[in-house]
Structures are given as structure tokens and as C-alpha cells.
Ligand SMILES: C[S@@+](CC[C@H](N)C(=O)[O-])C[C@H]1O[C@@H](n2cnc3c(N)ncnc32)[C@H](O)[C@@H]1O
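In C-alpha cells, one chain follows: the form predicted on its own.
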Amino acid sequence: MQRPPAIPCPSGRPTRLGSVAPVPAEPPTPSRLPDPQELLADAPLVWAALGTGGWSATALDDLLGPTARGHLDRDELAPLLRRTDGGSPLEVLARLFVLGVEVDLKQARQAGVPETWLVPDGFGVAAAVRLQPVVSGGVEVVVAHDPHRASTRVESDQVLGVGAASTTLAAATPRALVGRTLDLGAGSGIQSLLAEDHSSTVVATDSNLRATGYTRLSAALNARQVDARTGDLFDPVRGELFDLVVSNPPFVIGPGSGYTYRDGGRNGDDLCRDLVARLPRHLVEGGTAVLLANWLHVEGEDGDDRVCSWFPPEVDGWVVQRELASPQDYITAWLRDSDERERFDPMYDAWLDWFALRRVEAVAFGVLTMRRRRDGGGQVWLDDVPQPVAPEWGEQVPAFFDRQEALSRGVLGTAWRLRDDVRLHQVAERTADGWYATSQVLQQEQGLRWSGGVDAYGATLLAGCDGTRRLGELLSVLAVSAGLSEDEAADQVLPVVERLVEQGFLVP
């Protein structure tokens, strides 16, 4: 296979870094942001207005067009205003809650929007909040969040809508039916809303009072039950156990703590390290956790070892690394995210100096998953996954741990089955005897979409993996047909098979 093998991670603790140097400028004083609690009472009226107006993700896509997201991100409202100038209820709702522009008060009333959700704006009214339709795994929800446009700076306690981090976590979350789910660092509540569809109970926590307010508001808009609590990390759920924990914590690593939604206020990557260390205490036996994290690659250390050392022995862990950024690229991305403008240069310099003082060579981003063991002796594996993945791949999390258990029992005694979405792509050249395959590549169409080369022996063996015969039997047949001893066949094939199992091409 072309992908490198999963990395077994040794024990050990990461090096603790020194004290945090402050950024030489305070974050901006927050403007008047809406109080989501004040909007809660009339949320059912807004939900009714959306239903009557024909609001849905598909309807809005049809109305605003396929390039709408790009226009909104660049503050190019003119194309979207032209597409919503007919005055229909859906067009009025789109202008209010998606574009964030004023409409006539009479239009808003006719669309069914209560005045408690409106604020004066120019010669008309605007919506107090924004609404974002989100579809994930066949579940559609509406998420309420603070108004924000590309031309306005993010405020310190602002609650943002659903961005790339939120969709990454949603994609990686298993959707099997569970009892109790904890959404740690809930923000606008998107993970809670999606989890409510497959959980008996959902508890959401956030240290930002406005975030828990928005989680309640989003739950009310979708007629879903979410127990939202305000407090730091696990404080609001002390002593409670959960079947599933999902977390999009404030994982950004830097010297500042000015933005509640992203800055953890700890030294280096300590917040994510502490979160991973404490999480198993809140998982039932066999329970699963999925969270996003940044971790440092420091001069003289192995960054893979660093993140893997965070996992305590009572869990098995799987680190899915998605990105590895230089300090310069990492800083630039997050300063653009909060639209610092005139503060960009001094903040960039201070942040880069902070990294240099700590000998930071790179910052990794990925999905950390764990499953609570029935005993100690947990193991941790790391995969570098830079390739595009499927929109939903959460089913691969429990499947990965199941496959590792099967591998520990040995591959030869298991009847493996080739996953249904695997395809074999061949490149062949014409010869005097016909077509000759010069390369063969396996490709997954779902999940993490691994791909990798396989030789003729491996391809033949995989074709026979239908779950009815043990691998040892298939290997014996292959050895005879290839004129090899079983030991020779095993030496050539077993390392490939083990990696195919690790990556999910073969399942027990």
C-alpha cells in the first residue's frame, strides 16, 4: 500500500512549556450583541414562519444559487439581493436571516417574523440573529447564531455559525443509537442538534453564557430537547457518565485569550492535553469520544509521540491527523478568521515570537477519538489523513477499534470481507499477448477514502475475501496457484493484508 503504516505511540508525557507572553493589544470591546435568551419565547413563532415560507436547505440553495456561500464570505451582496427581490416569504426570510439586510417591517410581518426578533435598521428592520440551515447525515437542522459579516470584526464573546471545524466534527461523529451524549464546548449547538436525533439524552456545556443561550435557542427552533449548562470543561457534568462525548473545544494555540469561541487561555496545547486526560472519567465502559484538537511539533520532540502520550491507559485512542501547518501559515489563518485588519501586523509578530520562544516547528490539527476499555493497557494509533474524505465517516471510528481487536487475535484465523465500496483501478499497456496491467490501485469510495497500490497476489487474495472463508485457507489456495510455499506467500501478503485491515479495506 502507498500510505505509511499507522504509528503505534509510546508512553511518556509531553514537555510543559513556559509562561504565556501576552499579545501587545487587548481585544476590541464587544459591541451590543443580541441576548439569545430574550428570543427564546418566540422561537416557535419563527419556526412556524420558516415552515410556512418554505424554508429548507434545498429551497435556499435553489433561491440563492450555487455560488451564494462565496458571495457571502466576500460580502458581495448585490448578486444575492437580485435573486431575492421578489418579496415572497422565502425571499424575505432569506434577506433577514441569511443575507442580514434590512427589509420593510410590513414584509417581515407578512412573512410571520415576530417583532421581538427584529431590530431597527435604516428605513426598515433587520433580524437580531442569523439562521443557518445545516444538513448532515440526512438530518437537517436550523442553527441560530450571532450576526457577522466579512466586513465586521468578530467580537470577543461572539457565537459564530457552523464553519469548517463544526462540519469536520459532525462528519467524524458516529451516529449509532446511544443513551447519553455530551456536547462539550457546544457553541451554537450544532453538534447537540445532530446528536439529539440518535441519543436518548443530550447535555451541552460551554463556558460562554451566550453560547449556552444559543444552544437553547437552536434547540427550541428545531423542537429538540437539549440540556444546556454553562461552565468550564467538565465542571457542569461532574460525576456524570456518557455513552458518547463530542467536543469542538477552543483549541487554538497562541498567546492570547481574547476570543471565547477559539482561544482556550491555556499555555501551548495544554487545554487539549487536559481534555484528553480527563475525558475517560466521563465515559461508560465501551463509550466513545470524538474531539478536535491542535497539538505542537516542537524542536527536539516527536509531535506524533506528543499527542499520543495524552491518552491515559484506560482507553484505546486513534489520532486522525488532517493538517500540519507552519507557524506562519497557522497564525495568518487565525488572524484572518477574526478579521484583525489594522492589528494584523503587531499580532502576527507577537504570535510568531511566542512560537519561536517555545521552539515550535509546526502545528497539527486533527480528530482525536477514544474508546473506554474494560481494563487498562490501552493502545494509541496515529494516521496521517491529508486526502479528501467522505462527508460523513463517523461509522469508521467504532469500526477502527473493532478491527484493531480483530488484528490482535491474528489475521489468518478471521474470515475477512472486502468492503462493498472498494474499487480496483488498473492501468494496463498493450503487449503482443494482449493487455498487461502495469499498476493496480485500491480505492475506497466512502469513509476516509484510502487508496494504495496492490500487487497481483494481493488483488487475487482480496477477490476471495467474501467473509465465508478464513484468510489462512485463502492463503493456502493462493500459494498453490502461485507456486509458492505458504511461508513465502505469507511473507509477501500478510503485511499488506494487515495494513488493508487497519485502513478498513477488509472488515471482519
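All of these numbers come straight from a predicted model, not from anything done at the bench. Position 1 is the first residue in the sequence shown; the rest follow in order.
Keep in mind that the form predicted together with the ligand is not shown, yet the notes after this line are about it.
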- Query: Within a 4.5 Å heavy atom cut-off, is residue 154 in contact with the ligand in the model of the complex?
  - Reply: no
- May I ask you to check whether residue 261 falls inside a 4.5 Å heavy atom distance of the ligand in the model of the complex? yes
- Report whether the minimum heavy atom distance between residue 279 and the ligand in the model of the complex is within 4.5 Å. no
- Message: Although the partner isn't part of this model, could you tell me whether residue 185 comes within 4.5 Å of the ligand in the model of the complex, counting any heavy atom of the residue?
- Response: yes
- Determine which one of 302-310, 355-363, 177-185, 85-93 lies within 4.5 Å of the ligand in the model of the complex, judging by heavy atom distances; exactly one does. 177-185
- Note on the structure: The listed residue (396, 208, 107, 222) that reaches within 4.5 Å of the ligand in the model of the complex by any heavy atom is 208
- Which listed residue (317, 255, 249, 287) meets the criterion of a heavy atom within 4.5 Å of the ligand in the model of the complex? 249
- Query: In sequence order, which positions of 211-238 have a non-hydrogen atom within 4.5 Å of the ligand in the model of the complex?
  - Reply: 211, 231, 232, 233
